[in-house]
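Just the one chain here, laid out as structure tokens, in the form predicted on its own.
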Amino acid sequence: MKYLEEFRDPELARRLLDDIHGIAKGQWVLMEVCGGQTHSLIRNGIDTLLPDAIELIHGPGCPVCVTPLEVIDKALRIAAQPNVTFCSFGDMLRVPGSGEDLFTVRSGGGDVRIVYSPLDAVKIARDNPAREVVFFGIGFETTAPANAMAVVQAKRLGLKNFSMLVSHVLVPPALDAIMSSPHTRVNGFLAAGHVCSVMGYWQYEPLAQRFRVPIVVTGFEPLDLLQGIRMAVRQLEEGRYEVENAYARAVTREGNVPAQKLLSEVFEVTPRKWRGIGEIPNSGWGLSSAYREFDAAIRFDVTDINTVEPAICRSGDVLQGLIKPNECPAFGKECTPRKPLGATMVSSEGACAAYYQYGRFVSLESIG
């Protein structure tokens, strides 16, 4: 466990908690952006150990959760076609569309496969030239470089039977949208370290200044999160609004420049719908004109699908930090991991899944 246990040391965690309790004077609401951070905070009980003055809320940082319903429906229509092999990471197979999910398509005879890399889908296409092979390309800036490389590789190989259903989203425009809302409660952000390892954190600096909100790049282990919280609270108490890096072992201000160049070559910035939130300008990536021949939405003519979210599911409010999962009336009743209404209950990074898995059926405030 070397390189992990150092970041789970209970004595160091106690010291950080003591520091936070000593620093915090005002009432502050911090949003962690990544679903992986949410699970680590809840699993380790960090939210229960903080001063009452600090509240943690959960942001739109789960790639499965924010993939819009209409894109799921496009995937279902493509996957059901007889000459198609549809490839996806495992989490997406259980996310319900308007009527069914990808597992249902597979049980009905569709060729739906779980892969562990987009390059696996390229290999399947190369080995099966008579079939159309489609990869479901979702996620944030973290997963986009590997997906971009798969498209580049398909072009190099001259594959005509490979395409990608793209639904990539970008973090900074989402933070802009959250802070622009008249309902926002956010005083500070814990930015997702893995996203920043690719993109750096220079893009966050204008947001911090414009909205007067501290943004701390944070990792995923308990000490990473406590350090990020301490830095954010210290800024708030001192009246500073800067971007700070609490994940220097993985993140630099500039990020992974070769990966950024690859992304600029393969993708172009587009408006993008977020599940439960709606369309956010300039918040997504689509294939650029140089690679549009690999766009599955165009190849299979599924650009006409439009869907409406079920009213009972409040995952959009959860993703914006407006409510916590256990404040949704359907949580743990109509909506469970065995029968989820929304992606936040399906995904292994979803906030609703975290609350259900770790028994947060009532709010901490109600426990007193």
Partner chain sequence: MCLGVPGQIKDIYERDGARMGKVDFGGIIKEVCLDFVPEVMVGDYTIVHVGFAITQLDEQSAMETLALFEEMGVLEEELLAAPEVGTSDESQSPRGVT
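Fair warning: this is a prediction, and the values are worked out from it, not measured in the lab. Positions refer to the first chain, counted from 1.
Note that the form predicted in complex with its partner chain isn't included here; everything after this is about it.
Every member of the trio Phe7, Thr142 and Arg249 reaches its partner chain in the predicted complex with some non-hydrogen atom inside 4.5 Å. Shown without its partner, this chain lists Ile114, Met149, Leu159, Ala177 as candidates; in the predicted complex, only Met149 has a non-hydrogen atom within 4.5 angstroms of its partner chain. None of Pro281, Gly109, Gly99, Pro258 but one reaches within 4.5 angstroms of its partner chain in the predicted complex through a heavy atom, and that residue is Pro258.
Exactly one of the stretches 133-141, 182-190, 288-296, 70-78 approaches its partner chain in the predicted complex with heavy atoms within 4.5 Å, and it is 133-141. For Tyr3, a non-hydrogen atom is located within 4.5 Å of its partner chain in the predicted complex, even though that partner is not displayed. Heavy atoms of Asn306 never reach within 4.5 Å of its partner chain in the predicted complex, leaving it off the interface. Taking non-hydrogen atoms only, Asp52 approaches its partner chain to within 4.5 angstroms in the predicted complex. When its partner chain is considered in the predicted complex, Gln27 lies well away from it, no heavy atom lying within 4.5 Å. Along 265-298, not one residue places a heavy atom within 4.5 Å of its partner chain in the predicted complex.
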